[in-house]
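Shown below, as structure tokens, is a lone chain in the form predicted alone; questions about how it binds or moves come after it.
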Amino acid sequence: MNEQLNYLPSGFITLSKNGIILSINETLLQILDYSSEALIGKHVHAILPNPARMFFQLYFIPLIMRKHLVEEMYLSIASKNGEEIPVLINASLHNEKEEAVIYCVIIPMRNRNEFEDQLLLAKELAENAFEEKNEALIELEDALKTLEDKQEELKKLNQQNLIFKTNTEKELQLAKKIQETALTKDISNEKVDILSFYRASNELSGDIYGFYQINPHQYGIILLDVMGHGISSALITMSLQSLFHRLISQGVRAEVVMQELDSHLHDLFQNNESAWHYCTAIYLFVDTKKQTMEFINAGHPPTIFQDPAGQQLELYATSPPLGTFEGIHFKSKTLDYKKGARILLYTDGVSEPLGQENLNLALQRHATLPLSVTRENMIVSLSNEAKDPYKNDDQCFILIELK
């Protein structure tokens, strides 16, 4: 065998038509770990495992004899230590010196099998990944469907909430009008002018007032501020309003009026501390014939009394707020007044944005102007001071001129 065939990068072997090994190159000997002496003259079965021997006899020999050519036939050969080596065989049949000789080129396929195994493994991984992807996609579609169902359910709930909110706002506006309807109208006659201003916050108001002409020369004026605002406070104001309306209209004494209101608040919440409310209140009883004014201030901001000369007196609290302590004894104080005296009652929704000093000045600056002008000027001042911290508070004041 010449040098080039001997060291081909693949195995080369020649066989007789009966399968006897005639020659074998060095490359194949190294693969099989045999010497040439051990194989030359032996049948090719010597390097074939049993399954390959049968395949060789059934397919290789008939094919090479009939077509004189075998291309890309896969089978295994066996090394000296019994290792099976997958190979690819190309073979052709030639006549040399009137004898048939089979040339075989044998290419080991170890790496190819490894590559094929890797490809199969990669394919399996890809198929698994694809299956997992499909399962994840199905789960994602299920989750999306669930999310869409939830969104639809949320839309329905939002729609129901919107309807509920709209209906509630309508009911609150109606309640607000009812609350305002309960307020008394201004009084103006030859003995007294009583003018009021009332502006509820966006919610129902916790402020309530009332003034009544008891008889031709007696008047009762009351202003209350229930803790907080909203529905609960509004319900309490309406409850108190019906009570003080009846008491004051009947000319009941100031001490009794405040005592009854205080008892009413205690009765309302005696078994429910979580719903407990209190309120500040001031009640004035004016007798235009005697030119006297009785007052009881239950924790309310000081009422400003101004005589005709412009001298002012602040009527501070004479008792704690209504509904705070049981057994409070309310006692009125009495002032004499002269014609032309003016009085300002207000809630903290007025004093906080304007400031106490400005309220005093509001009476003094406009002492000679009609009382209605003083009221309009105060309303303008409140509008100018309608900053955010005060927008959500109720505003109420009462101006009185004793003629």
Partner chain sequence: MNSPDILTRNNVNIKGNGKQPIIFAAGFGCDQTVWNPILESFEKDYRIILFDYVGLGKSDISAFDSVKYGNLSGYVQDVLDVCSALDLKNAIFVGHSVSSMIGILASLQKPEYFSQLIMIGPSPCYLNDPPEYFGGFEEEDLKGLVNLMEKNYIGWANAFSATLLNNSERSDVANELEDRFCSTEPAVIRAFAQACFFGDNRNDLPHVTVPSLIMQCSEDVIAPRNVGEYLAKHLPSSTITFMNAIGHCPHMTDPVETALIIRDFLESNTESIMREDIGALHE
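Positions refer to the first chain, counted from 1. Note that this is a predicted model, so its numbers are computed, not measured.
A second form of this protein, the form predicted together with its partner chain, is not displayed here; the remarks below concern that form.
- Checked against its partner chain in the model of the complex, the candidates 171, 96, 116, 149 yield a single residue with a heavy atom inside 4.5 Å, and that residue is 116.
- When its partner chain is considered in the model of the complex, only one residue from 231, 120, 137, 162 comes within 4.5 Å through any heavy atom, namely 120.
- Heavy atoms within 4.5 Å of its partner chain in the model of the complex are found in exactly one of 46 to 54, 362 to 370, 348 to 356, 28 to 36, that being 46 to 54.
- Among heavy atoms of residue 252, none comes within 4.5 Å of its partner chain in the model of the complex.
- Residue contact with its partner chain in the model of the complex: residue 75 places a heavy atom within 4.5 Å of it.
- Though the partner is left out of this view, residue 20 does reach within 4.5 Å of its partner chain in the model of the complex, counting heavy atoms only.
- Looking at residue 339, you'd find every heavy atom of it more than 4.5 angstroms from its partner chain in the model of the complex.
- Contacts with its partner chain in the model of the complex, taken as any heavy atom within 4.5 Å, map within 46 to 68 to 50, 51, 52, 53, 54, 55, 57, 58, 59, 61, 62, 63, 65, 66, 67.
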